[in-house]
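Quick setup: one chain, the form predicted on its own, written in structure tokens, and binding and motion questions come after.
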């Protein structure tokens, strides 16, 4: 069955991923020089939380909607909630924006963005979603229908010589993890200072740890791993946690991420088995 993000839009993993994405964009924007943003798996771009699909699992109730009812301390979480609100002001109070829309609404005139989506119907929906928030985006995001991994390699290095890449696949293909392992070193060979964020699901922690060990052996660039879990990490059926792999993280990403991720865990709750961890897999200081 084809993965449909509309069932999961706005859940705790979306929140975790999108707070991190916007924090990375803000870090890169500390410098005036523009950068290239690439989303390898853009999806449909905008999701209706009032739809039957979204209401069936009610995942947003335990993610974005729960967080929106709080008053966060961290600037990163506050910036995320403000970004969602800006998009919703144009698209409707019941919508939830995906990463291409949140990025488009946060980029500057000197920045540039491309979003890849493999499914043609979703690609068209993504373009319509981006068109709907054109008033928020100083630079139009280019939408391509194609293979995100292949396009990542082809588009490196960018003319700006600065880049942020988000790899966020649906993980429905049996070889998804292996494709990520293959594309990371090739993209970094072409542009070794590229900032790459990879989202991955945590179901059984042992499986995630085995994959992260392969990543550690494979990469030479500084690499952070951030994990947030709300449920026991020993079930292959349910999504128990959200993981982020960040290659070439900007300065102090580790410090800030540890702070806001722990606050996010507190605000989203869990079942008593929740946790938060930020650690270096490959540390340039060692």
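The shown structure was predicted, so the numbers you read here are calculated from the model rather than taken from an experiment. Numbering follows the first chain given and starts at 1.
Beyond what is shown, the protein has a form predicted in complex with a small molecule; the following relates to that form.
Heavy atoms within 4.5 Å of the small molecule in the predicted bound form map, among the stretches 219-227, 254-262, 239-247, 36-44, onto 36-44 alone. At the 4.5 Å threshold, heavy atoms of residue 149 reach the small molecule in the predicted bound form. Under a 4.5 angstroms non-hydrogen atom cutoff, the small molecule in the predicted bound form has residue 179 among its neighbouring residues. Proximity of residue 129 to the small molecule in the predicted bound form falls outside the 4.5 Å heavy atom cutoff. Contact annotation for residue 118: at least one heavy atom lies within 4.5 Å of the small molecule in the predicted bound form. Proximity to the small molecule in the predicted bound form, defined as a heavy atom within 4.5 Å, holds among 157, 92, 170, 138 only for 170.
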